[in-house]
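Given as structure tokens, the chain that follows is alone and in the form predicted on its own.
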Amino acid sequence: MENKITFKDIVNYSSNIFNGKFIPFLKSEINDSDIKKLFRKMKEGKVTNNYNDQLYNFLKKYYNYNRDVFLTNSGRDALYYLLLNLNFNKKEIIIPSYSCLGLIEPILQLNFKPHFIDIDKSLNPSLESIKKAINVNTAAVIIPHLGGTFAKDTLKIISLCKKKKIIVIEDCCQSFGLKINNKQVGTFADFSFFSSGVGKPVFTPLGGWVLTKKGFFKKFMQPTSKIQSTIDDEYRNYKKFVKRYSDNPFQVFKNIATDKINSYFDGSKRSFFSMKEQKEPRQVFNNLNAYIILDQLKRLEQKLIKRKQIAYKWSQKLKNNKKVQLIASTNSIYNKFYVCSEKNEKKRFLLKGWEVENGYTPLHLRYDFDKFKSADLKITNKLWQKIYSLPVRPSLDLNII
């Protein structure tokens, strides 16, 4: 099979979508009827529960009351407020170049400078690369637990940074629910942040939180927006989310077309700040979204069991396929099931009706980010174009894999 996408391929791909043979990578798994009933009760003033407080208390209990929790609108807002409150004097923050845009946005918004490091073959931050990047201007190192997999050198990185008096922050946006030796991810370093947004283990319209060692912040600065959303605004935002992540053929086709257009413009080498207006995050977290997040958190254990079953099924299906390499993912909740192959193998999945998620375009290759410092990015440059993820969302039927 040729790498090039032909007109016939496009026709076959579109046919799968409109004939119901297409398996979306993401799909909303929120019980829509429950939300409709709750919305009606909220409109009638019959709901007195404060779900924000309940969500906060759920998370405090989850962390055995040993950590402080601060709720935010998203994972990137969580990082923004965390960096704001840490109030660093030094200006460089070490992050893997193989990361999402949401990791670098808060860093730039607060006028810090990213220092890009390499990954290893498991997509974890490279310890050796971090050693090369650390310098007198280093304020912090951020460790993403990518795809829901515990970064294997986490403890070594924390030990190294402790000796050099450098803050370590765990990026747990894709890994909530992961435990290592019965210890929750996000509690290995003194600071961490989480997301319950799109494509995360807790998959809802928005949400996130900061986790810190107990009592570190006497007061956590988190400005409240003057703009207050109404219950209708909240529900309208929820309905947009449900529509966006449905398996309706027309919506799926629209999503794919939109994503293609956005990815084209995202490849521009123009200034990041000229491409996207930068605004301070706003606190508009609301009661309806708090309920949705809380409800999904309560269902998470069952969802994680299903993810592991799906990941195992993929592993068995692909174990004899020498053209598709499985990315090592021990100690994982399998928020992503990463594989690595040439484009022709990826094309096979697409033509069979499976939507795959492309890997990241490294940050040093996006916008004008190549102006920032970087350590040797040998593995990042070698692998990034070959990495993608296969669906492992909990609502998948195991029998179709």
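Heads up: residue numbers just count along the shown sequence, starting at 1. Since we're looking at a predicted model, the values are computed, not measured.
What comes next is about the form predicted together with a small molecule, which does not appear here.
- Scanning I117, I293, L146, V210 against the small molecule in the model of the complex with a 4.5 Å heavy atom cut-off leaves one residue, L146.
- Proximity to the small molecule in the model of the complex, defined as a heavy atom within 4.5 Å, singles out one entry of Q174, S126, N289, S329, which is Q174.
- In plain terms, the part of the chain that comes close to the small molecule in the model of the complex, with a heavy atom within 4.5 Å, is 94-102 out of 177-185, 160-168, 94-102, 235-243.
- Under a 4.5 angstroms non-hydrogen atom cutoff, the small molecule in the model of the complex lacks S192 among its neighbouring residues.
- Taking the partner from the other structure, the small molecule in the model of the complex has no heavy atom within 4.5 Å of any heavy atom of Y51.
- The shortest heavy atom separation between W354 and the small molecule in the model of the complex exceeds 4.5 Å.
- Shown alone here, Y63 lies farther than 4.5 Å from the small molecule in the model of the complex, counting heavy atoms only.
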